[in-house]
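First, one chain by itself in structure tokens, the form predicted alone.
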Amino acid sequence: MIYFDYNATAPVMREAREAWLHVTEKLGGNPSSMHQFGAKAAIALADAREKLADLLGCHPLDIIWTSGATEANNMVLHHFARKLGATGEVWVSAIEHPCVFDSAQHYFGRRAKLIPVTRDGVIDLDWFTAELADTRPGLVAVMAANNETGVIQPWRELCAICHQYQVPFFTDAVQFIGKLPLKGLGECDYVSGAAHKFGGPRGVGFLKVPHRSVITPLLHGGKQEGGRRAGTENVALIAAMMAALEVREKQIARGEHVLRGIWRDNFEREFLRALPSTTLVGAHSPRLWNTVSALMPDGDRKLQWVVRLDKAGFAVSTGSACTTGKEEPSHVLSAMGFKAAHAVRSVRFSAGWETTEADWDALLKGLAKVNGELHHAKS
């Protein structure tokens, strides 16, 4: 089986497993305890915080450890719901992950204003700058890169514009981190990340916040993380996350992602030749080097392709893993202007650092084989 669903989750890498095992065996104390075991765990926790802050370009006290990005994202919206009161408005992009999109709807209802995107899946900067010149929301939330299409959002520009108007800016960087350089993300007021997207373990992530400001805790019952997030920190998972992230940052610094982007581009070119009625989503926008979102040929439902490719030895997906099972079309594709009849044909192929050029070639052959089977079934 060849895995092409890295945007859903990535297999845990060796360095992360080794870091987890080392901390579990050698540093088993609670980092809040006053004895030597606790002190050693606290030092490891502080070291991890400093490393992440250095990569992001922020202060170590900006970092709050969480159970993952879903908790981190909910924490931001929860905080601003309390801070802004009954009349405050937040703006979120129309293509946000459900844990931002649904959280905004839950806390703000109609006061959650959607930022439109272009047909190519990029935030409409003209709309944004014009609207922000007239109205000041309490928060702007735009992801760094989309989980379904891989389209990279202009988070640097958005952050600069928001700061010009003194509006807090929040970016869910889950899909961006571990694929492109982190440096500069620390300029954003709020940033979330999750380890399992880049080879770390599930169940751990972080939220970057302005440490000089007060944030309303989502969880209560302890004074961990400076009183901002209750619960004993899982030092082993945090160490494993940082081990994986440091490896990925070194690979990015060496430019290893560039060659992988070429493999993806070559696959897309041959893919369109083999199945010319396919549409590549966001193909004209800057995208993550690992992601291909395709509307498969007319008349074929996406689940047919996923099931048949699975039988052929390829693990692919229909889009966001968090919306699997929903019958309605992807809200991301709807926001991009695709009709429901087209959106239901979407299939996502997402590679990882371990994916080879031969894997992409094998996927192409698998797609051609499945396409032949579907045509034969119709005849």
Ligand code: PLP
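Since we're looking at a predicted model, the values are computed, not measured. Just count from 1 along the sequence shown to find any residue number.
There is another form of this protein, the form predicted in complex with this ligand, and it is not shown here; the text below is about that form.
Heavy atoms within 4.5 Å of this ligand in the model of the complex belong, among the stretches 329 to 337, 24 to 32, 41 to 49, 66 to 74, to residues of 66 to 74. When this ligand is considered in the model of the complex, only one residue from V174, C188, L245, L158 comes within 4.5 Å through any heavy atom, namely V174.
Proximity to this ligand in the model of the complex, defined as a heavy atom within 4.5 Å, singles out one entry of H97, H79, R287, K208, which is H97.
Contact annotation for I115: none of its heavy atoms lies within 4.5 Å of this ligand in the model of the complex. For H196, a non-hydrogen atom is located within 4.5 Å of this ligand in the model of the complex, even though that partner is not displayed. Although the partner is absent here, S103 sits far enough away that none of its heavy atoms falls within 4.5 Å of this ligand in the model of the complex.
Taking the partner from the other structure, this ligand in the model of the complex has a heavy atom within 4.5 Å of a heavy atom of N147.
Contact residues in stretch 261 to 286 (any heavy atom within 4.5 Å of this ligand, taken in the model of the complex) are absent; none meets the cut-off.
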